[in-house]
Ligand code: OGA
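Okay, here we've got a single chain as structure tokens, the form predicted alone, with questions on binding and movement later.
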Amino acid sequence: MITVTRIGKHIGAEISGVDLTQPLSDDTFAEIAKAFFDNEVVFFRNQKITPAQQVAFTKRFGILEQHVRKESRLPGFPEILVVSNLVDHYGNAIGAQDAGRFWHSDLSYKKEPSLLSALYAVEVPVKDGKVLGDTNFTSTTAAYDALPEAMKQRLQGLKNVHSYRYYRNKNALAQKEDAARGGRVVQEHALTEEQLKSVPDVEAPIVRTHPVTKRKGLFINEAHTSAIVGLPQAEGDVLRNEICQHIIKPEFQYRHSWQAGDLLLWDNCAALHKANFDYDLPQRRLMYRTTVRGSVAV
């Protein structure tokens, strides 16, 4: 029997009593799925799963995506994106080194944006006994519920443009600014024009109805939203920034402190997340991410 312990006010819960190395009955999986959609972010501690087991478990939620960043996929498991600051014997990055710099939901720039992501902690960075590299999550459904009625009416029917090309340019600029300040330097593989064309810009409603829970949430984020359809760029930028700042108010957030063996799932239709880069080598961080395809945002 599983136990679900709510941690955050609006988002975040621990599921215990589950060993993900063992087969799960349909009833147990249904309990896990319910807990996931009820809490928007859930995690399991002390799991010792293989990449194949992670793929098999998350595949029960739906079709798995293969990330456009081919160079960061786990060899032998194209469904797994490696998120890590580690390098190989030649000094080359083995995965995405700065994934999650900005608040975002995974693959929001796809025609069928992600339903959920699952991140497994193989190694976590520790310095002087303190675990670093926390991840922040925030509930876009709670944020929507808290909006004034006038703002809800203003946003109803508005669409925003989600752009991977916009994100890549924004991220590259931030990396240069970090390096100029003498801060963290990361390796970034340049994507080919073919790769970029495989993820063209898409329009999605700012107010989205969740495909499973039917709750309304705010489907907009600082990483991928390049414009608001029908508004002049400057006016759209002001509105985007206002909404994004509202979404990340502390009362809507849950901050996860990682342990090796954690498997954490988040709902990309109902939550945004952001990484914390308070670590660097020799503190090692190695994570494996699987991502489940969702449906067209409506």
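Remember, predicted model here, so these are calculated numbers, not experimental data. From 1 onward, residues are counted along the sequence shown.
Another form, the form predicted in complex with this ligand, is not on view; read the next lines as being about it.
Candidate stretches 141-149, 204-212, 156-164, 100-108 - the one whose heavy atoms come within 4.5 Å of this ligand in the predicted bound form:
Selected stretch: 100-108.
Heavy atom within 4.5 Å of this ligand in the predicted bound form: which of 72, 114, 175, 135?
Selected option: 135.
So which of 83, 228, 191, 124 reaches within 4.5 angstroms of this ligand in the predicted bound form, heavy atom to heavy atom?
Answer to the contact question: 83.
Contact test in the predicted bound form: residue 275 vs this ligand, heavy atoms, 4.5 Å:
Close contact exists here: in the predicted bound form, residue 275 approaches this ligand to within 4.5 Å, heavy atoms only.
This ligand contact at residue 119 in the predicted bound form, heavy atom, 4.5 Å:
Judged by the heavy-atom cut-off of 4.5 Å, residue 119 is in contact with this ligand in the predicted bound form.
Considering non-hydrogen atoms and a 4.5 Å limit, does this ligand approach residue 266 in the predicted bound form?
Result yes; residue 266 sits at the interface with this ligand in the predicted bound form.
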